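First, one chain by itself: the form predicted on its own, in structure tokens.
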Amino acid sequence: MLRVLVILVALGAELWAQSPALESAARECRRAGFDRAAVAFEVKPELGRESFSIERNGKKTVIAGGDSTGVLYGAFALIRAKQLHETLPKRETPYAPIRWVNQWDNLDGSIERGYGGRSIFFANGAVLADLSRAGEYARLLASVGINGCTVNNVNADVRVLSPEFLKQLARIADVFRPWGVRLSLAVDFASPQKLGGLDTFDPLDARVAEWWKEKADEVYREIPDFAGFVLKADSEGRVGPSAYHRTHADAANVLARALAPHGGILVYRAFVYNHHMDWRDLKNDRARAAYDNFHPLEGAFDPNVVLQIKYGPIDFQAREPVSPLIGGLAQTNEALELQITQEYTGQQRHLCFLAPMWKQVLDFSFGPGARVKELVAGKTHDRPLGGFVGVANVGNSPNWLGSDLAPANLYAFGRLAWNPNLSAEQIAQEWTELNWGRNAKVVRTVDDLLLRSWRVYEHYTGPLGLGTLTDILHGHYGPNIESAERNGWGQWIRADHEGIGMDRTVATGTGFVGQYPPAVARVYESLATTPDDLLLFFHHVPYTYRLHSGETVVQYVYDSHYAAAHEAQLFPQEWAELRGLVDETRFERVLAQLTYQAGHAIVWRDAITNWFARESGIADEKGRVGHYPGRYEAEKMQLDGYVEYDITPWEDASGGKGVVCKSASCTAALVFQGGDGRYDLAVQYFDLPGGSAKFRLRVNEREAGAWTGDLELPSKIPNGDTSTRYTVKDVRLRRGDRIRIEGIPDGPDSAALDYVEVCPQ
């Protein structure tokens, strides 16, 4: 055991030896440069679990905690205050008892909706031999007050409950324990049958109940501080209680009763809906599902059951209304589910700081004293459990999430789970100073980029509450508007030639609005009072409908996409001003990310605006949509080896077409027809996975640029997922110059091209 380097107050050596969290606190204080005689620890149970106080006592700083984990949190708070040059916090108590992250890790080492590398827990069907990275993750979580981690996919593999695997999982719990992080597991509801050999998994069958009891006993023998189970049932193909005509309460309670003697909890995901709905029935509505499934069961759940409810009624969109189920439960424990991994918000390739959106959710009020943060923490109805769950999906990349800016979302989740009254601005500044230093220009630039990024992303993807303009059938990344329509997934936008949006009103629509309390329902029921940001979520309107701003819907779509895509072009320019002020490695990585985002924002802009122009038949009054001076379509260039290729969906490529290389080497050439001057040359190409195609750009015979398409993007074909932009700045051109691109394919990467754009500087 490491030698104790911090004076202990009111703690004997025996207690110290039994308190890994206290040892971690001592080690963190030492790392932060505190003198061994400068900090003292106390455990004061009267402070309450996980709470702490920090006081000066002569020359010492005394950290007192309600338990050893509270002391650890106090140590991190002391270190944070020192790094930020802030006054010491006097006393802090976590806002809610549940502050968990979910990891959607699979046993083979892949991570569902993970964009930061491979699993830090699993590989090849087993727990990793080296869990040092998992221990560092627990340290990271503890630093922001997160106290639980579900390590496996909610689409659970039944093997996690096998005796041999539980012994492996105990090793993860061991590396979590010094940081006050308790391990939990997602489980398969059919485990009694699939793993236990029973002929049923009926939750009301006594044999099934006994199986779960014995399994819980076994889990706690291996992991005495086990936190509990997470269950996804009757959702997206997962089996559940409906197989036996039982209720979700029946399913939850049988597991909860097995866990209760050990102090464990059952977290039941309320993400339950029919993904085979008939899209032709205008009364069908996926948004209704959570409330319809769980509100009738109010009062039927055991005290150690917590419903994990997504913040919106659909699925982690860039903007949704708050789920009415959150405000519809008075006797049932709730946890708010937020998504840290950016599934629908740019997948960490796009900067999208989510704290401003989360703050709008947390502060939303269903009525007096019924804000979301109060309801999920159990403060309004005095419920024993509740809190916050973030789907994190960190991986083994050096920066955890695949981007040096994306960890701001993990930090923000932890800080808001601890104290949801913090502002997005305060959190952004804290994170920036802790991770990038306190240089005023750096702090100002990073904070500004973070705080603008969510609205920018929303406005070049899906504004006005549309949300689902990404490809929902495949990668959930690039644009594919009609993938939401005419299928059973229920993310419809009901677009046609005349108008767009879901009618969810009580009077003429699906009735979803009626799930809210009357005061809230009145706002959303009326076109006059529905906020523009959510208009098309609640109402179907003509494209010519005028927003509160006075703009028509269709013109707002055009304007917002052009404005946001333009703002995204500024991101890399603003970041470039920090050269020399931050470390070079991270500087270059972030510059590359923001440059990529700027190019992909143009893909989004063009796809959405061209689709709206075709569908509505209404032209952009500013003449931008469909008119691109200086753009040369690849399929119309002089081609050698390249062949024309129809892009699906059509809006994902300029003119609906591109070219792919069918030879060992191909060229596409054009003759410049503009005036003499200095230009930026942009090549829009498709970077396909599985290979690294090479490109070379020449003006006459002079090489202007060369690059390799080596991004790993979420599609195997040329489309909006893989469309990528390469730009060469400040190229001198004269009328009649020959611009030529050479593409050399590599395996499945066919060196595909969309267009060349010559942009005046």
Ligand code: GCU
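Start at 1 and count along the sequence shown; that's the residue number. Just so you know, these numbers come straight off a predicted model, no measurement behind them.
If you look for the form predicted in complex with the ligand, you will not find it shown, but the lines that follow are about it.
- Checked against the ligand in the model of the complex, the candidates 551, 157, 498, 112 yield a single residue with a heavy atom inside 4.5 Å, and that residue is 112.
- Checked against the ligand in the model of the complex, the candidates 503, 559, 343, 404 yield a single residue with a heavy atom inside 4.5 Å, and that residue is 343.
- Looking at residue 177, you'd find every heavy atom of it more than 4.5 angstroms from the ligand in the model of the complex.
- Interface residue remark: residue 212 is not counted as part of the site for the ligand in the model of the complex, having no heavy atom within 4.5 Å.
- Residue contact check for residue 104: one or more of its heavy atoms lie within 4.5 Å of the ligand in the model of the complex.
- Under a 4.5 angstroms non-hydrogen atom cutoff, the ligand in the model of the complex has residue 236 among its neighbouring residues.
- With the partner omitted here, the stretch from 324-332, 148-156, 655-663, 411-419 that lies within 4.5 Å of the ligand by heavy atoms in the model of the complex is 148-156.
- Shown without its partner, the chain has 269, 271 in segment 265-289 as residues with a non-hydrogen atom within 4.5 angstroms of the ligand in the model of the complex.
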